[in-house]
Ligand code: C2E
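First comes one chain, alone, set out as structure tokens in the form predicted alone.
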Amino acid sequence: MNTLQVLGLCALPVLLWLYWRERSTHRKTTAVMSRALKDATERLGHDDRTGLLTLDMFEAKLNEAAQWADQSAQSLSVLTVAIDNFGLISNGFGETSAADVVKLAAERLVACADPAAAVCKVATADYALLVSGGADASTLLAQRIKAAFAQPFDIEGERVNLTCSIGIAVYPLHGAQANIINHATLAMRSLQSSGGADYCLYDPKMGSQAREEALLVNDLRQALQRGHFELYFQPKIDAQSLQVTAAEALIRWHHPTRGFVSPVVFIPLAEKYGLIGPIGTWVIEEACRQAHGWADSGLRMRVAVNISGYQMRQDNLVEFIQGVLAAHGLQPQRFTCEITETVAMEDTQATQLTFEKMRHAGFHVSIDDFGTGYSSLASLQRLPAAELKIDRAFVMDLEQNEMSRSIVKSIVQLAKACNLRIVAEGVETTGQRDLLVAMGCDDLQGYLFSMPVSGNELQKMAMNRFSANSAEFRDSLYATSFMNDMK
């Protein structure tokens, strides 16, 4: 054995020791890095504010759960939960309190669910839960969540009642794993659009309904530009003389392929998708333009326009109406703002400020659909209202239903106590007319006297001095001074 061989044999243990130490260090470093990566992943997979899973982590767990469900022939469910009308909390109490509500709601969801459930924060006030089991298990969980949300939330010392809408989709019953969250969300949004505060299972029909709604909204966006809207006018009748004294403007949509689309269908869509503002603007401008045209022909008649809750919350609504009236040479008292009772009773600063501006501007204010809300004598006295309109639901049952008659009598008495005129809408029979006159109603409106007609048709009726049902137009409408019309 030569010298080099001896040196090689002596160095071998040292080399082996160095190799072992390097491998040991590598294993330790790898373990530390793996733990750090796992910790970072866990942190990134959870929402900082609520501690709930992020959507990415939730989808990863859903993928694992779906594989388990496929292998075991079991079901799993996804529930999506949204706090109803969360914007009111944010606007009314501020962002900090709204964030506290989001955290409190998350805690209630976790408390309702099984410890094995995955709970995720999807958006600001939207959540998702992944649980094992099918429709029976998920609906029981939805009931617990609904009951938990029914307990008041403490917001800045105020006990505030909130509701939530819950959509449920079951895998594999309601579709592929890739679509299950969307299907649960679709069920939840469909529920919210009809009032919310409940839970519902996904139905395949919801997809076609959503597509139909999307198409209709797209057409609605273009309807103004393409001139598909038209105003119709329904006369208001003095209850004593049975003469026409004013008219309410009612929007109509003539769709090029669908034909007539009811306001019952498109107005809620306009409110839901932020289109009610421009539509409301068009109605005000068109109603004033039509009133100006009537005036040029010698007919000076008050016109009423429905004002939405969105418009009432606009800072410049009154100034805008004043500008349109001035542009068409109309006096403020010839313009009636019809505001639903629900909107009128909103105790928001913006709404109350608009009412105050209306008072100073001299507008004629009418509280529409009265009897469906929760007005009190004190709240009515604070409003600059000149009249109340009894909701047609009470008028419709007037002849057959004693309860409806009692309600109408109470509304009339309330109006008289507040020195307000009382208008009954939806009058369709002579029996209804006679009962309303006997109860003391001041004005009537409905098919008994006239269907809603175009502005030109109403002008022709006025020029002929009567409508199809022989409701004469008051002489003072033809006077040169509108002041006579106030008699």
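A residue's number is simply how far along the shown sequence it sits, counting from 1. Note that this is a predicted model, so its numbers are computed, not measured.
Below: the form predicted together with the ligand, not depicted.
A.B. asks: Specify the contacting stretch among 275-283, 203-211, 129-137, 221-229, defined as having any heavy atom within 4.5 Å of the ligand in the model of the complex.
C.D. replies: It is 275-283 that comes within 4.5 Å of the partner.
A.B. asks: Within 4.5 Å of the ligand in the model of the complex, heavy atoms considered, which of 252, 357, 313, 146?
C.D. replies: Contact residue from the list: 252.
A.B. asks: Tell me, which of 72, 381, 262, 349 has a heavy atom within 4.5 angstroms of the ligand in the model of the complex?
C.D. replies: Going through each option in turn, the one that passes is 262.
A.B. asks: The ligand is absent from this chain, but in the model of the complex, do 238, 387 and 440 each have a non-hydrogen atom within 4.5 Å of it?
C.D. replies: So, no: the whole triplet misses the ligand.
A.B. asks: Is it the case that residue 446, even though its partner is missing from this view, gets within 4.5 Å of the ligand in the model of the complex, heavy atoms only?
C.D. replies: Contact check for residue 446: yes, within 4.5 Å of the ligand in the model of the complex.
A.B. asks: Although the ligand is absent from this view, report whether residue 189 comes within 4.5 Å of it in the model of the complex, heavy atoms only.
C.D. replies: Answer no; every heavy atom of residue 189 is more than 4.5 Å from the ligand in the model of the complex.
A.B. asks: Spell out, yes or no, whether the shortest heavy atom distance between residue 64 and the ligand in the model of the complex is within 4.5 Å.
C.D. replies: No - in the model of the complex, heavy atoms of residue 64 and the ligand never come within 4.5 Å of each other.
A.B. asks: Consider residue 295 of the chain shown here, and say whether it contacts the ligand in the model of the complex, taking contact as heavy atoms within 4.5 Å.
C.D. replies: So residue 295 does not count as contacting the ligand.
A.B. asks: For the stretch 399-426, return the residues whose heavy atoms include at least one within 4.5 Å of the ligand in the model of the complex, in the order they occur.
C.D. replies: Heavy-atom contacts to the ligand in the model of the complex: 425, 426.
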